[in-house]
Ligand SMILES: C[S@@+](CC[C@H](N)C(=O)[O-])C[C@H]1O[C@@H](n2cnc3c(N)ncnc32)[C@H](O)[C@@H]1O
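As structure tokens, one chain now follows by itself in the form predicted on its own.
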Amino acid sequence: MSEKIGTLYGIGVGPGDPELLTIKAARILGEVDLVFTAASPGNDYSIAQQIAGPHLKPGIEVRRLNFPMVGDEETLTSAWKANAEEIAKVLKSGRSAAFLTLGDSLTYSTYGYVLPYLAETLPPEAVVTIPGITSYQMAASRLNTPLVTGLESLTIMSGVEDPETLGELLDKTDNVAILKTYRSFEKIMNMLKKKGLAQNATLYSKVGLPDEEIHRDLENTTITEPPYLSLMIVKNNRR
């Protein structure tokens, strides 16, 4: 008889408010044997763990997985494989675990990087993904701003490295949510001003957390460097 394999739950904990976890996510967090969190090697804390805290079992083991913030593909791949091996080892011991991610578990998350490597050694039923509320969904709710209406389109993109990419998208889509805007904030602002859309852009920082900040009409707002947890929603009213 083969040994029982535990289950890994990839859980999106939402953007910051512990009450925004789904009922299913909260239940599972109260049942699993171990919790994995993702962090860069230089950090000694996890925002996702802080958000999920009220739903965790007292004294549960929380194990950090290091995801280096570098551009070297070989270094990244090595880390993803090593993290997948550590997770698989826990599951093969028969224990269940949760992998915490900010926002949604399959939207620009570290969890997504280990999934292909877990699939190489584990049966499909050993991994269950629980979706979560994204930062841009909560950001829109803060100002009661519909993300899309009617036949409008919505484009989701990560921090813009090439401003021309954003420029091309702004010509084709009705609404844009730009996540991790801290990466190229000045370039993003220059392109928005070039397109005449800075007044239609709203910057959200640490949305759902106690020190949340919201800046509207960026045409007339001076911001030099937004924090790591920042995103922007642009309403393209020219189309």
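All figures in this text were calculated on a predicted structure; none of them were measured in a lab. The first residue of the shown sequence is 1; numbering continues from there.
The discussion below concerns the form predicted in complex with the ligand, not included here.
Find the only residue in V32, V176, A38, L179 having a heavy atom within 4.5 Å of the ligand in the predicted bound form. Of the listed residues, the single hit is L179.
So which stretch, 79 to 87, 119 to 127, 100 to 108, 164 to 172, is the one near the ligand in the predicted bound form (non-hydrogen atoms, 4.5 Å)? Careful reading of the contacts points to 100 to 108.
Can you tell me whether V207 touches the ligand? I mean in the predicted bound form, with a 4.5 angstroms heavy atom cut-off. Because a heavy atom of V207 falls inside 4.5 Å of the ligand in the predicted bound form, the answer is yes.
With a 4.5 Å heavy atom cut-off, would you call L229 a contact of the ligand in the predicted bound form? Because a heavy atom of L229 falls inside 4.5 Å of the ligand in the predicted bound form, the answer is yes.
Considering only 122 to 138, what residues come within 4.5 Å of the ligand in the predicted bound form, judged by heavy atoms? Heavy-atom contacts within 4.5 Å come from T134, S135.
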